[in-house]
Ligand SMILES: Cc1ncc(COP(=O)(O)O)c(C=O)c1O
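In structure tokens, one chain follows: the form predicted on its own.
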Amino acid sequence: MQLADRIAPLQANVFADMDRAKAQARAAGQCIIDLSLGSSDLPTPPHVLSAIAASLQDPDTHGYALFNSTQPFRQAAAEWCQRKFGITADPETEVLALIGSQEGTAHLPLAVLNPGDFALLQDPGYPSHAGGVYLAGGQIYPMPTQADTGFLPVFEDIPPAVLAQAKMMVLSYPHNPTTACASLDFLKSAVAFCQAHGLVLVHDFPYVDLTFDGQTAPSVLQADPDKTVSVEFFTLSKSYNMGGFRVGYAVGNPTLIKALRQIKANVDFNQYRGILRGAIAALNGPQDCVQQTVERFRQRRDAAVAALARIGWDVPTPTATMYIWAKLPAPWATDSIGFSTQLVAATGIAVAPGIGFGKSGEGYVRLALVHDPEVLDQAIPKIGNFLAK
């Protein structure tokens, strides 16, 4: 059987390799403490669950959910953006419900790219951004996103020949995996660059609320209030711990929203309307649950940074996200997957190898703060013992 060429770039997957390594370690008797996946362990707020539960008894929610049935959710999303950022968005033409923001970032390239067109992606960056480009037949130009530039890409370094074939740029701040934040001035420079070169600007924004120590995360639509080139993707997975419910939305340029809606119409309907009712309760309801989530992750961040310092591994203190981006010590500085697979085999502690996020991620590992401090205080000394050996 011969499969399509477009899936060839998707064959190599470091995270699938790590999943096998975890399974092998578990089979060998290790108790796994998984710091490799950014899936929140915190519960969905009770008022959100109540809204979903009440929907189960309503037969009006049991059928297909087409675009018009998502109007109350789109309205709630538009109102949330207005409260949060002062952004005005038309729920009919500038907001689209998604089955998680990853669905949007993976499908949008199908609407923007012709085969051979370039997409400008951060390196390191979130892996599904590349997957969507490959499925659309596009080419990827990796924009180095490294410590010496504050984990911000340098647009002037993009070759003119690449720009001539480029159709879109994808950014994401606060950034996974590096935890970096971007200023509104940087986002304005990105908008101006994309306007000058005829590029669509995509901003993936899952960590909008997960900021610490007074840090705030600006919206790209604050930099592009007329939505001339921009579309932004939001999710309820992180702020409201709703990852398993798969609910997100896009806000932005109406031409891009319409095009993404056309792709969706040929690929899927929307999620169960009860989930959308839960999402409305999350966006419109009390927001103290968000601050409680942020505080839990801040406590975990502080515990992990302190524990790593005690084993002699000094890392920068993140001001956002639910991760630590740790530069590997010698002799592992060029073998993040070797470090990660051997660590889980020897200790049961699983981390994500930096190379899985792109070539520029080599030499780092990402630790997801998905356990409370007492578990981190148990796991990190085991990493220290591994390094000592």
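From 1 onward, residues are counted along the sequence shown. In this text, all values refer to a predicted model and were calculated from it rather than measured experimentally.
Keep in mind that the form predicted in complex with this ligand is missing from the display, and what follows is about it.
J.: Choose one stretch from 186-194, 137-145, 156-164, 101-109: the one whose residues place a heavy atom within 4.5 angstroms of this ligand in the predicted complex.
T.: One stretch meets the cut-off, namely 101-109.
J.: Given that this ligand is not shown alongside this chain, does residue 301 nevertheless sit within 4.5 Å of it in the predicted complex, heavy atom to heavy atom?
T.: Contact check for residue 301: no, nothing within 4.5 Å of this ligand in the predicted complex.
J.: Does residue 240 reach this ligand in the predicted complex if we count a contact as any heavy atom within 4.5 Å?
T.: Contact check for residue 240: no, nothing within 4.5 Å of this ligand in the predicted complex.
J.: Spell out, yes or no, whether the shortest heavy atom distance between residue 246 and this ligand in the predicted complex is within 4.5 Å.
T.: Close contact exists here: in the predicted complex, residue 246 approaches this ligand to within 4.5 Å, heavy atoms only.
J.: Heavy atom to heavy atom, is residue 206 within 4.5 Å of this ligand in the predicted complex?
T.: Yes, residue 206 is a contact residue.
J.: Just give me the single entry in 80, 297, 126, 272 that has a non-hydrogen atom within 4.5 angstroms of this ligand in the predicted complex.
T.: Filtering the options by heavy-atom distance leaves 126.
J.: Under a 4.5 angstroms heavy atom criterion, identify the one residue in 348, 38, 363, 358 near this ligand in the predicted complex.
T.: Going through each option in turn, the one that passes is 38.
J.: Select from 295-326 the residues with a non-hydrogen atom within 4.5 Å of this ligand in the predicted complex and write them out in sequence order.
T.: The stretch 295-326, when checked against this ligand in the predicted complex, contributes only 323 at the 4.5 Å heavy-atom cut-off.
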